[in-house]
Every structure is written in C-alpha cells, then in structure tokens.
Ligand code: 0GY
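One chain follows as structure tokens, the form predicted alone.
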Amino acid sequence: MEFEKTPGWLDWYAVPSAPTFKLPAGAVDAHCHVFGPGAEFPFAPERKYTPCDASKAQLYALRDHLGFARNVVVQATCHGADNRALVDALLHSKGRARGIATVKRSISDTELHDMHAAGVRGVRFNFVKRLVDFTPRDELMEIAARIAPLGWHVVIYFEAVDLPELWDFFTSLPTTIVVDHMGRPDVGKPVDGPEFELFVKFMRDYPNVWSKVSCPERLSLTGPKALNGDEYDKFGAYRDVVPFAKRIVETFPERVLWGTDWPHPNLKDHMPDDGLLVDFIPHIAATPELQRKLLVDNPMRLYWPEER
C-alpha cells in the first residue's frame, strides 16, 4: 500500500554521529518506535499523521551504532491499536527488545498472552489531544486492571498543563506507571516553579510512578545550538532542559529511564542527531552510578526482571 507522508514531515537523521559518551555495558534505549514499513504494516486509518518508514532493521542498526544493547519499542500512534509492526520488531530482536502496546477493551485474553510471549510488557495511554482521540477513562481503567496480573505497567503521555485534571485518574491506576518525557514540562518556566513542582510531587507521593527523562529535542526552547551558535555542539545543545531532567534523575535515581525517541515523530523544527542525544546523557546523569541506574539497572528491573 502506498502512503503519502504528512506535508512538511521531517525524516529521521540518516547519518548520526558516533557518541563521544561511552554507554555502560548493557545500556537500554527505553523509548523508540518503528513506523511500518507501510507496505508491510499499513498505518491506521484513524491516524493523525502519516510518517516516513522506519523499520526494525533500521532501528536495530541505530542501536548497534550508538552502543546500546537493547531497546524498548513503544507503539506509535500512527499505527493505532494495530500492534503487528511492534510485535514483528520484538520477534526479530533475538530477545533484545521489549514492547509497549496500545490496546482497546475488545482485546481478548489470548491476544494479551500472545503479546506477552512476544515481549510486550505494558500499554500506553496517550492524553495528548492533538495526537489521539479521547478514550473514556472507564475503558482505560478496565484495560489497566486486565494487564496488571501479567505484571505489565502503564505508560502515560500527557502535557504538563493537563496534570491537575488527570491527577485523580493517574493516582488510581493499579500498576506501575511510567511517564513519557517528564510530562512534557514547559522548560521556559522555572524548574522550581509550581508546574514542575506538581510533577515532582506526583513522583514523590506515588512510588509506583517512574519517568523517562528523554526528548530534550522535543522540550527545548533553545534547540541544538550552543550559546556560540555552533550547530550540534556536544556541550551546549538543549541546555535549557538539563535542570529539569537532572533534578528528576538525582531525586528519583531508582525510577528513571532514558530513550532516543527514534525516529522522532512529529518534530517541526529540526531532526536531531541521535549521537548528540546520547552525548546529552552525562549532563543529566553526572556520575557513573547514576548513568548505570538510568541506562542499565532500572530498565532491566522493569523489562527483563527474569535476568536480574
């Protein structure tokens, strides 16, 4: 099937640099996606965007280039609740990938168990209104209750301004909760301001809440340029995001994850160099101990507990 990309779509960066930061052995890229390929795994009719293709082979080539050992592949919204591309990527990973699916209440127990056998370990609930249509809370709660016995967790994607209205729902979920990208804080506001303080309180008051400290390219207002204007400066890029991510890593070192977000859907401004994103890590996890927890110990505990 032929798909025409959304006008203005930015394709992923095909020649990422080699990171200067050496990842610890066993590091996990805990947030990435596959798109299609559309000819093999068609995009969902109800999608809000049509991406470029980004195959499992290309994802795993990037994994090896950057120095990661494993991936956590998150179902992309362009595929809706059709998880075939995700499951195919897991089945071809030789045990080196786990997955986060999107499901509807109509899914059968047999289908859930089949996805578990393939490597799925959670479901994603997306509350970003421009990306998905509204799903009733009672349906989401029903799904959460059904996956809890499998040991799965819920990944939630939302924007910081919406946390107050979502608070009661989130805090009633019966599973571990993983927040995508720190709840998308507005990094133009103070790191100790009321909006981000509410997110810190969310994590502090609820020990079942984890956070991905990922996507500086999605959150930054200053972008990839250093203060001197150099493109992709390894010591200045996305610096406005550092205080937010660093605070979460240092306050909750046992409950943080990191991922590339490859192939970076729906970016409008620039497409990041994934090597540069890896070089962002030591700015937010400053010690080898914090780096190992962020990149190895935490994701292994959550996604490969049988190997711990």
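None of the values given here were measured: they were computed from a predicted structure. For every residue, the number given is its place in the sequence shown, counted from 1.
Keep in mind that the form predicted in complex with the ligand is missing from the display, and what follows is about it.
Comment: the ligand is not present in this chain, but in the predicted bound form one of R96, R124, R146, H116 has a heavy atom within 4.5 Å of it, namely R124. Contact annotation for H181: at least one heavy atom lies within 4.5 Å of the ligand in the predicted bound form. Interface residue remark: T77 is counted as part of the site for the ligand in the predicted bound form, having a heavy atom within 4.5 Å. Contact check for N266: a non-hydrogen atom falls within 4.5 Å of the ligand in the predicted bound form. Of the heavy atoms in K56, none are within 4.5 Å of the ligand in the predicted bound form.
Here the chain stands alone, but in the predicted bound form its contact with the ligand, taken as any heavy atom within 4.5 Å, falls in 27-35 among 60-68, 248-256, 269-277, 27-35. Residues of 147-164 that come within 4.5 Å of the ligand in the predicted bound form, judged by any heavy atom, reduce to Y157 alone.
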